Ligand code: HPA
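Only one chain is shown below, in structure tokens, and it's the form predicted on its own.
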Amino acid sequence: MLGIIGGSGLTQLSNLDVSHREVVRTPYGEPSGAITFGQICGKPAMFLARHGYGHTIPPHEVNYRANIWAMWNKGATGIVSVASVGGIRADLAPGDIVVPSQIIDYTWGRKSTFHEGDGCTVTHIDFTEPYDRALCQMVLLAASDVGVPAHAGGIYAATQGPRLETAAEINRLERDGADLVGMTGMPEAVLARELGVPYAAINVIANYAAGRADSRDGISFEAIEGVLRESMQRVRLVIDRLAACHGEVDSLAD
């Protein structure tokens, strides 16, 4: 079953034919909200709003472990994260869609593993490729099928938030090799990897990052809202097409 985690701009999935909602209890506390189950294009899917359905949970306070565990526990065979980001690379403009391939993690203090606490042994995982290559390719093919342009690959810088970055910080991220910047990609990706659930991201460029182009002197939140309203309509088209490949998504976790 395809699982979708919605971020800023996607707190509801209007193309999901809802069957029921379920509050999932986890060993790691409460998820951001109830999981919404239903069908997209006749295929089973589940949806969770990362920041809560009222968009009330800031990035550094999201219970990522509970969210990922709950979706895994309820049968997600692939998870696609939708999130708004800032564009660092010059060719990434507001409204563009990116399917990233790498992560640099600048977050701190977040619970980032299931393997800790009494009775747990030290467990290492390979994180050379933080996103599942096959699921990323499926997302890109789905975008192509519905005529939605999408950038393949890119390096995502995960920052702590909830504040946006300074222009100097963006300069540093660029020197480190980052192409886009967001606040929620970690530890979400690594937790999915620990549970063996294929994970990919659809990132929407909501604005130029601080100090870039029309964000040179500041970032307009009003402009961001307009970009996300339009862009998320295209994201929904991609998710529709991706859901139609439900059987292929299921096979990823085999």
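Computed from a prediction, not measured in an experiment: that's the story for all the values here. Throughout, we count residues from 1 along the sequence that is shown.
The next section is about a form of this same protein that is not shown, the form predicted in complex with the named molecule.
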Within 4.5 Å of the named molecule in the predicted bound form, heavy atoms considered, which of 130, 86, 78, 100? 86
Exactly one of 135, 183, 143, 82 has a non-hydrogen atom within 4.5 Å of the named molecule in the predicted bound form; which residue is it? 183
Verify the flagged residues 159, 164 and 207 against the named molecule in the predicted bound form: is each one within 4.5 Å by a non-hydrogen atom? yes
Within 4.5 Å of the named molecule in the predicted bound form, heavy atom basis, the matching stretch of 65 to 73, 199 to 207, 33 to 41, 49 to 57 is 199 to 207
Consider residue 227 of the chain shown here, and say whether it contacts the named molecule in the predicted bound form, taking contact as heavy atoms within 4.5 Å. no
Does any heavy atom of residue 190 come within 4.5 Å of a heavy atom of the named molecule in the predicted bound form? no
Stretch 213 to 237 - residues with a heavy atom within 4.5 Å of the named molecule in the predicted bound form: 219
